[in-house]
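Below you'll find only one chain, the form predicted alone, shown as structure tokens.
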């Protein structure tokens, strides 16, 4: 019998993949969202966390972007 799980496929670079895995690992076990790590650049996650991941990545990019001193 086949067990199917609905999810979102994420393709990213290695640092973003590590960020997502660290987010997942920092949550309690009942709230973890990664279904399967395919490799270092591809993840399969639960669909309800897509927005949270996008906002965390946007915040991470904002914190780590260069601004020329004035």
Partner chain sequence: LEICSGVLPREPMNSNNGIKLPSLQELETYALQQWECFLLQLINSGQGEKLTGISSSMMKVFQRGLLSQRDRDGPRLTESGFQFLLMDTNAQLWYIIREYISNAEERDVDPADLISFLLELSFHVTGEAYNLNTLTDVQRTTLKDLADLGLVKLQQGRKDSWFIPTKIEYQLPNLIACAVTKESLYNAFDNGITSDQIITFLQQNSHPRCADRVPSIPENVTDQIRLWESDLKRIEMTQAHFYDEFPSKDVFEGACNFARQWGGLLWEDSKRMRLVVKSEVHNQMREYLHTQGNIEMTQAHFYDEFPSKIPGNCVRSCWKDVFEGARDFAREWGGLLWEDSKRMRLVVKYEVHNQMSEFLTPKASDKKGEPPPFSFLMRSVWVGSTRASLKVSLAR
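Numbering follows the first chain given and starts at 1. Bear in mind the structure is a predicted one, so any value in this text is a computation, not a measurement.
This protein has a second form, the form predicted in complex with its partner chain, left out of what is shown; the following refers to that one.
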| property | result |
| --- | --- |
| Interface membership of residue 13, its partner chain in the model of the complex, 4.5 Å heavy atom rule | yes |
| Partner proximity in the model of the complex: residue 56 to its partner chain, non-hydrogen atom cutoff 4.5 Å | no |
| Partner contact for residue 27 in the model of the complex: its partner chain, 4.5 angstroms, heavy atom | no |
